[in-house]
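We begin with a single chain expressed as structure tokens, specifically the form predicted alone.
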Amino acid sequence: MKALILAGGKGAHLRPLALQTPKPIVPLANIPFLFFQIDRIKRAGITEIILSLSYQPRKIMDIFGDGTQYGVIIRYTHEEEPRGTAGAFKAAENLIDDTTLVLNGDVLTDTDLREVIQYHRGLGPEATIVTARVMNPAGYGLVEADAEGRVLSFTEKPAEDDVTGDTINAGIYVLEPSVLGRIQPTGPQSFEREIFPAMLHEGARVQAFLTRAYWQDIGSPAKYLEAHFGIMSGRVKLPAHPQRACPPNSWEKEQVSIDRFSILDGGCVIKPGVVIENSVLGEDCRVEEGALIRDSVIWSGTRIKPHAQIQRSILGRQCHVGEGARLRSGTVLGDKSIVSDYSIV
């Protein structure tokens, strides 16, 4: 069995974070996101992975190469113009000759993919859709299934008045090669809006596998931040990935307060009186005296001046936050942003 990761999206809803960095490799706990998916695929016993790319493909290929240094074989397909989730599957047709595990390139989960594959093989449907329960399903694909797990209906991003349940498409599928024959060779098509509804209309067997494991998409800044909270709380494990050489961090433990949940990459300089709680700092960040960072994610090379306060915010690479500045909940700064002294954002 092979796996296909749909990693071609521009990440428009994740901007400005995804302007310079393709969404599939935005850092999650300072690790390029695709490592989380590749690690989960490897745990299912799959070592042949296809990456479907479109937006800034070279940046992704430069990290992963042929995959051998990570214990897998990686092949690539590239679309000049994105063709949607089903179109990307069709574009990889020449590399697919068997049942295929397909993942959206923005899904963080601890779902045991081996169990999903066994479920699919045991029942023999043409497609299996992993589903998850969420508080507000309006922004997702609503999936309704019977007591045996057979999918009855699939409604992509229903209006709030049309929501009839809380079970959504989790962006993980097991597909038989016959699904390829249902997809047009050209033009954009999605599993969610065209292929799955058409399969149900024609009476094809589509099963739902309800995961109770941790699941979170990273498609927007708020969801990206929420995924970090899942990692820091231990609800989802860090993946096995190559450890790079990093310079040591610099701070006096008796003079700073850094809680056990926070994650700091190498080369960080933390001055006395700093408080860091439930936050992630990338490589070579510098935090000056008396600053407060809480529930936030800060990418590499960013400088926080004295007595600044950052709460529930995301800062891109090489930002500068001035002395006494206040970044309140919901602030998102792109790379190299500057916040002047004593500003409130």
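Since the model is a prediction, treat every value here as computed from it, not as a measurement. Residue positions are given as counts along the sequence shown, with the first one as 1.
Missing here is the form predicted in complex with a small molecule; even so, the following discussion is about that form.
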(request) Would you check, heavy atoms only and a 4.5 Å threshold, whether residue 52 touches the small molecule in the model of the complex? (result) yes
(request) Answer with yes or no whether residue 156 is in contact with the small molecule in the model of the complex, where contact means some heavy atom within 4.5 Å. (result) yes
(request) Report whether the minimum heavy atom distance between residue 83 and the small molecule in the model of the complex is within 4.5 Å. (result) yes
(request) Check whether residue 169 has any heavy atom within 4.5 Å of a heavy atom of the small molecule in the model of the complex, and answer yes or no. (result) yes
(message) If the cut-off is 4.5 angstroms on heavy atoms, which of these, 206, 183, 107, 174, is the one near the small molecule in the model of the complex?
(response) 107
(message) Heavy atoms within 4.5 Å of the small molecule in the model of the complex: which stretch in 211-219, 175-183, 228-236, 261-269 meets that?
(response) 211-219
